[in-house]
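Listed next as structure tokens is one chain, alone, in the form predicted on its own.
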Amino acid sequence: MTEPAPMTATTGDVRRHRVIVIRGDGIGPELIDATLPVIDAVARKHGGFQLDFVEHEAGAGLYLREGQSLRPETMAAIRQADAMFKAPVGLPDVRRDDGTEAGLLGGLRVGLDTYANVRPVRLMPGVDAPIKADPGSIDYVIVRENTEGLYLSRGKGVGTTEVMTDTMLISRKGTERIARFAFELARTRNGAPEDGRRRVTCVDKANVLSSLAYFRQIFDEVGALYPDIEQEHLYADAAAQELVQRPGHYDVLVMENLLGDILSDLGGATVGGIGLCCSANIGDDHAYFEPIHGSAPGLAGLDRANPISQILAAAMMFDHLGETPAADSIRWAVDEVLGSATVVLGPSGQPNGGTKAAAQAVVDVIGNT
């Protein structure tokens, strides 16, 4: 565990933010190394704040050595920090006896009660999307309930050699707060690209599962408190089609944990791949920020991974810390390097020129404006 020197900022009154950094597995360390100069550049540009980074190890590498993917002291440090910034963790061949991946940090979401997983899906300039769409015509956010649903059964499946079952749990408290989060988020946005309407879509399988019919019922109860926001329902299978055929209709979508995991990857594919997609995990007291993709160990050490998702995760972190101008600068710089073809993504989503060069292009834009 190392503690790098704090980020520099302009003189005068300085807002300090303590941030835990987890470098992760596979391509994770490369993504962090590429993104820290972007963070430094935007901090120097805007001034007035300082990030104090403290690095902790977590993930599959730690699990292989110690039999745990997250140390208790790391969790304690995260609880005391203003945010955590993490790269992808886990390795496909590091498994528990029950077959589940061992290096993942699933306990973070429940342990920190970061109940809202927020995943923006936005088509950026210069990206060759696999569907017919113009930049800005896809711009929605998937709000995924993060602490219950089917994933609450992680490590708790029950069964024999002949049968296995996992249990989905939907609670009133959990659904009320994720629905409120979605409606409050919609109030901060500009509405759906198609018509400018602020809209929250409840995605479920209420026609099949009682638990998700309950989710819908509570969504409707919360929605009654937001008459200024348009509300609608959509079955998950229909959503898989709609997010391809009519993505511009959507603004904020809220759903159960597993459904959000699947549909956010589908959405990512429509805007050029999940290497361009970031996420936030937000609760009332804690928050952490990361890409939505995995650790891609086959690319580790090759300087080929796309750093954009990690860079945009930093922008989400700045939003949460109240440093909105810094967040906006990062997103603007990413749009500039992609739109000007300074950074070009290959067919597999990897940046031509490599990880470091792509991140340096973003640094250069920030520094020169």
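Position 1 is the first residue in the sequence shown; the rest follow in order. Worth saying up front: this structure is predicted, and the values here are computed from it rather than measured.
FYI, the form predicted in complex with a small molecule isn't displayed, but the following is about it.
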Can residue 105 be called a contact residue for the small molecule in the predicted complex at 4.5 Å between heavy atoms? yes
Exercise: residue 112 in contact with the small molecule in the predicted complex, heavy atom 4.5 Å: no
Hey, in the predicted complex, does residue 261 get a heavy atom within 4.5 angstroms of the small molecule? yes
Heavy atom to heavy atom, is residue 292 within 4.5 Å of the small molecule in the predicted complex? yes
Are all three residues 119, 144 and 151 in contact with the small molecule in the predicted complex, where contact means a non-hydrogen atom within 4.5 Å? yes
Kindly indicate if, in the predicted complex, the C-alpha atoms of residue 104 and residue 108 are closer or farther apart than in the structure shown, bearing in mind the change is 3 Å or more. closer
